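Taking the form predicted on its own, here's one chain by itself in structure tokens.
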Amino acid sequence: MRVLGVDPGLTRCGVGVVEGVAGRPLTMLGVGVVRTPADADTALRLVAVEAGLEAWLDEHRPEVVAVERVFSQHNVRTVMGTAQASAVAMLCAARRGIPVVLHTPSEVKAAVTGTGRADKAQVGAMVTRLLRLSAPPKPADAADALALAICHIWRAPAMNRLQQAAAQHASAAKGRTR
């Protein structure tokens, strides 16, 4: 499975591509950041984020796009920019028919480090170790994007089994009501 992880942000949108399957060593195919100037008009910044993400999608052709679920922060301006960048990532993927999954920050931290309260340094260290890199990806947004991709690869089999079980249960229940 090839996953593009997106750590959304207007100033720095982290992107990382990981390939592999749960239980096997994973391979990083690319990592980086789509940057926009903080003093630019928001609409133009969103266009720049879109262009950057489209380039990553063209180059790496992921099967899934994993985006960090936006959570409430105290700074409304920051959360708005994050939500807008997140929406752009989802739109780019949906336009191409690529499935989008959302993972919470604590879900990603728990999957990669074993604790949902890990700090950025711990996430970076584990991403470095799991992908057998020589140094943690910089900035932290890039490491977070890789962590999102790793999280999805590891969680996808369980998520699929849960969805199949729910579908079977719904189908059985529907059959009983006829």
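Please read all numbers here as calculations on a predicted model, not as lab measurements. We number the residues from 1 along the sequence you see.
Quick note: we don't show the form predicted together with a further copy of the same chain, though the next part is all about it.
- The shortest heavy atom separation between A38 and a further copy of the same chain in the predicted bound form exceeds 4.5 Å.
- Remark: Q84 counts among the residues lining a further copy of the same chain in the predicted bound form, judged by a heavy atom distance of 4.5 Å or less.
- Using a 4.5 Å cutoff between non-hydrogen atoms, T27 does not count as a contact of a further copy of the same chain in the predicted bound form.
- Taking the partner from the other structure, a further copy of the same chain in the predicted bound form has no heavy atom within 4.5 Å of any heavy atom of A125.
- Stretch 39-47 is the answer when you ask which of 127-135, 39-47, 55-63, 140-148 has residues with heavy atoms within 4.5 Å of a further copy of the same chain in the predicted bound form.
- Three-residue candidate spot A156, A167 and A170; no residue lies within 4.5 angstroms of a further copy of the same chain in the predicted bound form by any non-hydrogen atom.
- Residues from 88-123 that approach a further copy of the same chain in the predicted bound form with a non-hydrogen atom closer than or equal to 4.5 Å are V88, M90, L91, A94, R95, V100, in the order they occur in the chain.
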